[in-house]
Each structure stands twice: as structure tokens, then as C-alpha cells.
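Here's a solo chain for you in C-alpha cells, the form predicted alone.
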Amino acid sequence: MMLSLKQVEDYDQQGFLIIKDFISGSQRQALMQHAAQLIDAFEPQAKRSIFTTDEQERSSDDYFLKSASNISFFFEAKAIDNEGNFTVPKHQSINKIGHAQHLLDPVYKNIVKELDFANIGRALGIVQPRAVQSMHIFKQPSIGGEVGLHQDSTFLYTQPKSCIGFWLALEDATVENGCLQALPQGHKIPLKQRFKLSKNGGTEFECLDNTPWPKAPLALLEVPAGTLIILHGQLPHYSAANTSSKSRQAFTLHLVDDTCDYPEDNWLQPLKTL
């Protein structure tokens, strides 16, 4: 699709843009059904990688770091007990699938191509769009965890900064099931930190700006299934835990500008080509 001048202006002003009816019902169902098939075929390892933004350093095991070039499965913290046993059925335990299905999986790859995110990226200022990360996020009923306030450029850093996130609602996103919340115009504040590879192995956060987050209310981005939310890489955003009986599946894709420098110490080192 082509963005209007008004849409580009809204994105530049607010740091996010909402486009309803962006993805068709058949495309949404194809992604959700295919994800279920991938989980069916997935055999969990004895050591299970839990995804949590609050304890990212602890979660940075080898499985996590290699996920840039794989289709990997990450679990909700509440889905696994202290002995490593599931507290819920496998299909209800998955936090997300990531991070290279847009490159490696035909179903995801074809739908990403159909939706033409690269063209939207160019309209928003990316000279040479490069998709570096994809995620199928489940936000499971009752146990879907909180994702703390963060900026995507923390995790996908370029010089100069260029990251844009595309968040597709595969199901309705409501306050009850943990819709996105964003700080309007927050993309104008400095990038707070970088998540990068540590010289001693593993990962670490590097502080770039230690001023507090602005004390301003977050906008509730409640959207129906099929909606696309575009997020500036420096926009602070958040999602609460899912306390409802309904899941909140979403698919996300992140673009950076390949004319910018992508540092070798970024935690995620994506595949250049197939």
C-alpha cells in the first residue's frame, strides 16, 4: 500500500501510526494456523529458553543468541515451574516464535512479501530497507507476561538510528489481553540504552541516557484484528500482562536501513542472504 502524506505526518509527529484492515482475514488465519503447525512439530529441549524483557541478560543463552538465523521457540515464564516442567499444555506455553521466519519459512516469507513492508519503510525514510527480525507473539491467556517499557532501537541499533517496527494484530488487542501502550511523541526523547554482546560472553545493557522516562500517560492502542501499528524505533512502548481468557496473537517485523552501520556487537546478527 501507499501511505498518504497525512499518514506520514502523523507518524513523524506521534511516533506511531495505526492502519486498520491492513492484513486480510485469510492471511491472518494462514499465519495462526501455520504457527500452530510449527508448535505441533516442535520438540522442547530439556533446557527451555524463557523470554522476558526484565531479565534479558539471564535469558541470553546460546539458543537465544542463535535465534537470529533460526526459527526458535520461547516460553512464558509462568508456563514452566522451578523443575523445568510445563504448568500448561505445550500450545499454551509459547511466548513467541522468532526471529528468522521471514527469511526461512515459506508461509511467513510469502505473506511478508505480499504486505510489502519495504515500500512502507521507504515512505517513512528508510533508503534501503532490510528486514532483520520477525516474531509471532502469542500473549497467552492468563499467563501472557508483561513487556516493560522499551524502545526497539535498544535491541536493533544502527548508526544513525533507523529501526521501524511493524506490529500486526492477528487477534483483537484489548486492555484486558494486553494491548500495546505507547508514549505519544516519545520517539523524540533520546535512546536510553543498547542491548549488545558482552566482551566476556553473553549480553549486557549499555546505558546511553540515564534521565527518567517522561511522566506522561501512555496511549492505549486497542485495535481490532487485522490492524497494523507502525512504531518508530525510539518510541517507548509497553504491554501489560494478559489477565483475560483470550490470547492476543500478533506478528511483528522490524526493518533497518542497510545504508546505516549495523554494529558487530548487536546481540542479533541476522542472515544477510539465504
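Residue numbers run from 1 along the displayed sequence. Quantities reported herein were computed from a predicted structural model and do not represent experimental measurements.
Keep in mind that the form predicted together with a small molecule is missing from the display, and what follows is about it.
In summary, the region of this chain contacting the small molecule in the model of the complex, judged by heavy atoms within 4.5 Å and restricted to 215-223, 64-72, 236-244, 28-36, corresponds to 236-244. Although the partner is absent here, Tyr157 is not a contact residue: none of its heavy atoms lies within 4.5 angstroms of the small molecule in the model of the complex.
Interface residue remark: Asn266 is not counted as part of the site for the small molecule in the model of the complex, having no heavy atom within 4.5 Å. By the criterion of a heavy atom within 4.5 Å, Arg248 is counted among the residues contacting the small molecule in the model of the complex.
In the model of the complex, at least one heavy atom of Ile137 sits within 4.5 Å of a heavy atom of the small molecule.
Annotation: in the model of the complex, residues His150, Leu180 and Thr252 each come within 4.5 Å of the small molecule through at least one heavy atom.
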